[in-house]
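Next comes just one chain, in structure tokens: the form predicted alone.
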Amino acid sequence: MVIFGAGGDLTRRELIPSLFELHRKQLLPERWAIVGFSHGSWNSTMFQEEMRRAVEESCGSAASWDSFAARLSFIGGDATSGDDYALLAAEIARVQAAFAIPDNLMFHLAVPASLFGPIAERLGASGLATSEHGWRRLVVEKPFGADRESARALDQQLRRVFAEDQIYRIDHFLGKETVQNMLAFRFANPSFEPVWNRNYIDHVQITVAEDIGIGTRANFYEQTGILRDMVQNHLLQLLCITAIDPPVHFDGASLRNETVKVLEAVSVVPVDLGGGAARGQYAAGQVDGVTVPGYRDEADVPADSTTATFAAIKLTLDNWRWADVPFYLRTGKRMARKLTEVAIHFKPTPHLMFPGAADGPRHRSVLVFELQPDEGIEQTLAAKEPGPDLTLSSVKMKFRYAEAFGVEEPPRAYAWLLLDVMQGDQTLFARADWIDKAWQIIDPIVERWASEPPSNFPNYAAGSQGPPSADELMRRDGRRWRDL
């Protein structure tokens, strides 16, 4: 495994801790090694020490670290310099010989997207991208391109060196246990799939709320914004997992064929930006009792920035299953709390026969898949209150991953996805045509927002539920957002 950008935040926060977790669970192949490649003056010993600190911070313990660190080495170099790939090739050959590793190479590009293409080209020119005796696989992070045109150009650049079945476009959301549980819930339990359609479902809310700000990522965020950073990938992936028809098989081809069909059904022309999309930018406020600055007060953010840190979008699908069922997507930074969930709102019972039921509020059954912070599933049902009168109340049934399976926290999403790459399983990775369709949905909104800068930014306080325009988007349809 070769990690480009080995000195960066993603490697420290996710990649090495995830690989270490696989090592502790004895899920890595019998013969393996990790080579870090990055700018800097580190040597292998310094890299090992730095990664140990990262593992201790992330996992709480570095038990069995020595056996892991023995397979960890580092090469300092420039990813755009062809000369440095000779050093990388020599290090790969050394560890392959030292640990008797077959000629199988996995390249993980934990680098800015602008380097994806140049690195692929250098790997091709150096001969590292091909082998007569083993496989080559390339893992690329989001965002894949900045719009539909650049995504197509990047795909063409990668495809000059790697075939589609060698490219793994990773989105850690799809590695979460509850995302995969959504598929199991629908397709392994016959009581739910028959009602998973427009006849019984009123609408769907998909929320990815973060309580954190942008941190030190101002330069990235000013160029990317919330639509490219979150909606084009994470939220549309969750939309697809929620709305797909049953695949013939649970494999890369079948599942991804169905997710592409979902995006093909999304109505994108014309995009109703007046009533179907709302944006926001956070002001100063309080999160968990701590006063935090507004977006424009963050380091390196222009004082007049019009970059959106919040987006709410209404989408509809033009197909038999979902016609007239709106999907509301909401995501933002510096929200009231950290929460990722998919909430299925069922239609009310058409007739309640119980005495007095018609005089009270109509009960709504809601099925919620929570991805974070507490992975699980929650169903709201109507039940009779104890006592002589027949009075209905809403009650909840909860499944919590940690409680049901006796684990303190679910395994890291990255760990399972990296293991899938090693095993050659592309089921939970985006395909090129999916990326293309996703940008087709998002590009008109990006372009419209860029052409009409907002005059009311910032328009929601840090620690709040979001801007009033997002609430108005729901009120127009006679609905309201679930509280964070």
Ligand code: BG6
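Source: prediction; values computed, not measured. All residue numbers refer to positions in the sequence shown, first residue = 1.
Below, we turn to the form predicted together with this ligand, even though it does not appear here.
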{"query": "Among the candidates His234, Arg122, Arg412, His345, the residue which, in the model of the complex, approaches this ligand to within 4.5 Å (heavy atoms)", "finding": "His234"}
{"query": "Of Glu210, Glu91, Glu375, Asp202, the one that lies within 4.5 Å of this ligand in the model of the complex (heavy atoms)", "finding": "Glu210"}
{"query": "Heavy atom of each of Tyr328, Arg364 and Arg476 within 4.5 Å of this ligand in the model of the complex", "finding": "no"}
{"query": "Phe173 within 4.5 Å of this ligand in the model of the complex, heavy atoms", "finding": "yes"}
{"query": "Touches this ligand in the model of the complex: Lys142 (any heavy atom, 4.5 Å)", "finding": "yes"}
{"query": "In the model of the complex, Arg321 touching this ligand (heavy atom, 4.5 Å)", "finding": "no"}
{"query": "Close approach of Ala278 to this ligand in the model of the complex, 4.5 Å, heavy atom", "finding": "no"}
{"query": "This ligand in the model of the complex: contacting segment from 331-339, 288-296, 242-250, 153-161, heavy atom within 4.5 Å", "finding": "331-339"}
{"query": "Contacts with this ligand in the model of the complex - residues in 225-250 whose heavy atoms fall within 4.5 Å", "finding": "Asp229, Met230, His234"}
